[in-house]
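Okay, so here's just one chain, in structure tokens, the form predicted on its own.
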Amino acid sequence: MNNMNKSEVLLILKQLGIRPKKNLGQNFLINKNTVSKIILESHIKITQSILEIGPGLGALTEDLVKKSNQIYAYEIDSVLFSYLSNKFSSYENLKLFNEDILKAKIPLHDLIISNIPYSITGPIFEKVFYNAQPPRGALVIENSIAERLFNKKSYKSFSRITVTFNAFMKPVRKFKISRFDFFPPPKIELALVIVEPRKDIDKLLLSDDGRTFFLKFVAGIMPYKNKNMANTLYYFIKNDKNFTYSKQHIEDFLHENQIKNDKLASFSVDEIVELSSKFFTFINN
């Protein structure tokens, strides 16, 4: 099998009687050099199991089946699923699922290699990476999101996804990818990011309750990143009807835990993780 170019993709889509669905993020990879770059940077070992999300017409899958003893590929489009099932019918190391990845119970895997649907990048990160044993990853994502993962000290790009992602994962390398390597070309700029699990994931994030609180906490405080910490935490508490703490309670909490009352954006990722852990203990006592 050879990686497909634009003409071949157009022909296959015509034969299948379908058009790329924008709501499913269907942008098909048509540049074999980009495929080779993704595979090369993934550093796949034959014994590693691989997760692929949205294989589409199988541009990446064609190489993955030759590199790994076990690939799990999730394709939500039933027509493409049937096409892939037929195309790769001779490969026993590939297990295809016609499921929504966000609703699926994913088998354990060592590595995720995907051109993921750009509109659900955040939910996919949470599903795949935000757990006690996340995999390595080689992902094509929106470049603006990639910037947020890597530029942890930039006020402009410092965001909810910066904190949550870097609490579990370590961004390693980033490469610009042309949007014209895909058909149809998306309107956004793209990047290939190589990521690996942190070796020191905070113990709060290793429990279901702690992880759930952390994600809720970060989502609740990041809209106030230009506020000082006392105000940030007060607004977080005020927006949750389960809590009735006063501003003085918050200030006492900061003082007792020796937490600076600076603007949230001046805190590092690790400081926010530590803060969430202490605040979790505070509200549960």
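When you see a residue number, it is the position in the sequence shown, counting from 1. Only a predicted model underlies this, so the values are computations on that prediction, with no experimental measurement involved.
Although it is not shown, the form predicted together with a small molecule is what the next lines describe.
- Put simply, of Glu189, Glu99, Glu147, Asp202 only one has a heavy atom within 4.5 Å of the small molecule in the model of the complex, and it is Glu99.
- In summary, among the residues Ile18, Ala265, Leu24, Ile12, the only one with a non-hydrogen atom within 4.5 Å of the small molecule in the model of the complex is Leu24.
- When the small molecule is considered in the model of the complex, Thr164 lies well away from it, no heavy atom lying within 4.5 Å.
- At the 4.5 Å threshold, heavy atoms of Tyr234 stay clear of the small molecule in the model of the complex, well away from it.
- None of the heavy atoms of Phe253 is located within 4.5 Å of the small molecule in the model of the complex.
- When the small molecule is considered in the model of the complex, Tyr74 lines it closely, a heavy atom lying within 4.5 Å.
- Contact annotation for the candidate site: Phe28, Ala59 and Leu80 all lie close to the small molecule in the model of the complex (heavy atom within 4.5 Å).
- Partner proximity in the model of the complex, defined as non-hydrogen atoms within 4.5 angstroms of the small molecule, places exactly one of 210-218, 111-119, 167-175, 154-162 at the interface: 111-119.
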